[in-house]
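The chain that follows stands alone, in the form predicted alone, written as structure tokens.
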Amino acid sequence: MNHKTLLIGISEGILTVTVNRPDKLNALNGQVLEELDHIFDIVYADPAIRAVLLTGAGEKAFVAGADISEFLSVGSERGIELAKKGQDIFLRIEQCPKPVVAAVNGFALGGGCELAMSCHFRLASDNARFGQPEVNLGLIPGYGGTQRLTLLVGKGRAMELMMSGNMVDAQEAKAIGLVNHVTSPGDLLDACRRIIGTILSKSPVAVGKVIAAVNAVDDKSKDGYAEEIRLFGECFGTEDMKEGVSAFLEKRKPSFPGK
């Protein structure tokens, strides 16, 4: 599949995926979603890819929302289909067993904020702006935003942000727990790579199980504590655990086989 809306590059196990529609502020349309879905097929399957860094092209936007021009012809049934498709793709990102980090380099609005929230955590440049302004269009977030924003920032703040449609800047986003770190625009990608590099020095198996256990917090089909017990127990059957414990006892740096 040729990717017309994404730029792809890999270095030291980190796949950088850049939404590349700068003339549209990288707005999500059907093609972007299809290509993201395809990219994560590859991420899940390719052992050479150990982490994903997701960002937007240009200096103005990460992803400034959905492509509104597609909406006027959409009725209720088609709206349900659009939301289901978007949620399914973003859930695959959230459940990816490899770290997925968003580098938010400008506007992350509507579907763009939802895309950023589907990543495991977020770094923002100091010119970033976040918001769920769907009420201005007579809509609500449909790609998981009502759920993920509430989990990240709490019910009261999420209600205010989604009912007002107001944006928050990068520093406020950090203060309320929406992003982990704020950097200058020029340092954003390097800061992401430094954190990812630290993560990649750890056990890949354990990192994947951390992702699964934390995602169980809001999975209504699972008891999160029981899931933690199960995943903790599974770790003891891995070569990574044996290597990690041996390295600790021998006072050396571990070399995790990833299995």
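Treat the numbers as computed from the prediction; the structure is a model and nothing was measured. Residue numbers run from 1 along the displayed sequence.
Below, we refer to the form predicted in complex with a small molecule, which is not included among the displayed structures.
- In the model of the complex, the small molecule sits within 4.5 Å of a heavy atom of Ser69.
- Among residues of the shown chain, Glu94 is not one whose heavy atoms approach the small molecule to within 4.5 Å in the model of the complex.
- Mapping the unseen interface onto this chain, Ile89 falls outside it, with no heavy atom inside 4.5 Å of the small molecule in the model of the complex.
- Although the partner is absent here, Met162 lies well away from the small molecule in the model of the complex, with no heavy atom inside 4.5 Å.
- Scanning Lys202, Arg194, His38, Lys60 against the small molecule in the model of the complex with a 4.5 Å heavy atom cut-off leaves one residue, Lys60.
- Though the small molecule is absent from this view, in the model of the complex it lies within 4.5 Å of a heavy atom of just one residue from Leu188, Leu82, Leu152, Met167, which is Met167.
- Considering the small molecule in the model of the complex, the lone stretch of 178-186, 106-114, 120-128, 144-152 in range is 106-114 [heavy atom distance within 4.5 Å].
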